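Given next, in structure tokens, is a single chain: the form predicted on its own.
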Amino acid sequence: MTSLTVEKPPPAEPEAPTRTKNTLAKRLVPWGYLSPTVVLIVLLMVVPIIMVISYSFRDNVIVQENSVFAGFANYTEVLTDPDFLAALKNTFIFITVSMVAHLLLGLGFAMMLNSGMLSGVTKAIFRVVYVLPWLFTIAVIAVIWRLLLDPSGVVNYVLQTLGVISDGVNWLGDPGSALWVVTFVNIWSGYPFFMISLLAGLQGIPGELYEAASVDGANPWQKFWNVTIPQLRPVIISMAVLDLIWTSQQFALIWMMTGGGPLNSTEMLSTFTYKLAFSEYEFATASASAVVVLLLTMILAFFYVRQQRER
């Protein structure tokens, strides 16, 4: 009998290098998608921030060829400038009043639109009316309110007709009223964002919580304080921190309505920094002021990120 010999197949080649290449390629694919955005962020944000920080420690930047190292002299000049301190105070008042008013108006209108006392058509009409200020750009808002608040404008005409005032008031030209007027306009233009966010939060509260509170004998105020507010707390905190950041960076509205005047009564940190750079050409001092604003904004952003992680 003839014996059959079975040939063994050749040993397989190692696949480790191929697997390594495939794994490396898979890891690099997400970075390939992110690379355009990363490049834009570096060019448009990181590089300018580094340049501004470097300018803040030097003198005679941009306007002269050779700048000199100045240390913290620019920061000392900015932080001891009476105009900077006035701008800081105005910014604090502007932010605080705007944020509180945004919250109260937004919550009040959101609760009204979420109640069952209004019909669907009425709610739709009110939604359109309340959201209108949010649809206009800052430039349009500034122009509209400058016309309305003119000494011969509609606001003075209505107040004179009602007998509230006898003569036309220059609301934006009076140092005593200008800050409160621009704050009111900022409140009017910004509350719809609060209203929409809080309305979404209210619609997400389970009705069983209110039913359980009714069974326990809770009145409407107790339901609001012990059910509504705790359920909306994460939304309220997030919106408050975002509003702080956005309002602190408000520039266009102030600049187009008053330009920081009259007599610096509406001067904000943003307009103060802008004037230093592009009116007085003190780019080094303006850079120091911009870094201070950046640090304050980063502190607010830190609290916002931490609050989001806690959620």
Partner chain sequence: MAIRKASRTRLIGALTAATVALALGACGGGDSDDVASDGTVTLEFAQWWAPELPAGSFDKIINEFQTANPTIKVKLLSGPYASTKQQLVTGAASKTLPDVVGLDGAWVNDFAKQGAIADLTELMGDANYDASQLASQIQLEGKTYMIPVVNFVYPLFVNQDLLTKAGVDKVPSTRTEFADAAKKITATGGNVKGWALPLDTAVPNGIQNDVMSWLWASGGSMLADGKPALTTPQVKSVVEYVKSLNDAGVIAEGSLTMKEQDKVEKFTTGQVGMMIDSLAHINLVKENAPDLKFAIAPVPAEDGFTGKRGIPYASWGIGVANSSKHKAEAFKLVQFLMDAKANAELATLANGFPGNKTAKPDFSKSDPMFEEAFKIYQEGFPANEFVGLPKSEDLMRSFDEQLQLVLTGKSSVDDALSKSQDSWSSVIE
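Here the rigid core means the biggest group of C-alpha atoms that line up within 1.5 Å when the two forms are laid on top of each other. Small disclaimer: the values here were computed from a predicted structure and weren't measured. Residue numbers count along the first chain shown, from 1.
There is also a form predicted in complex with the partner chain; it is not shown, and the following applies to it.
Of the candidate stretches 86 to 94, 226 to 234, 147 to 155, 69 to 77, only 147 to 155 has residues whose heavy atoms lie within 4.5 Å of the partner chain in the predicted bound form. Interface membership of T258, defined by any non-hydrogen atom within 4.5 Å of the partner chain in the predicted bound form, is confirmed. Mapping the unseen interface onto this chain, N264 counts among the residues with a heavy atom inside 4.5 Å of the partner chain in the predicted bound form. Taking the partner from the other structure, the partner chain in the predicted bound form has a heavy atom within 4.5 Å of a heavy atom of S279. Put simply, L242 is far from the partner chain in the predicted bound form: not one heavy atom of it is within 4.5 Å. Although the partner is absent from the chain shown here, none of P82, Y210 and F302 has a heavy atom within 4.5 Å of the partner chain in the predicted bound form. Within 4.5 angstroms of the partner chain in the predicted bound form, the stretch 35 to 51 places a non-hydrogen atom from each of S35, P36, V39, L40, L43, taken in sequence order.
With the core held fixed, Y33 shows a CA shift of 2 Å or greater between the shown form and the other one.
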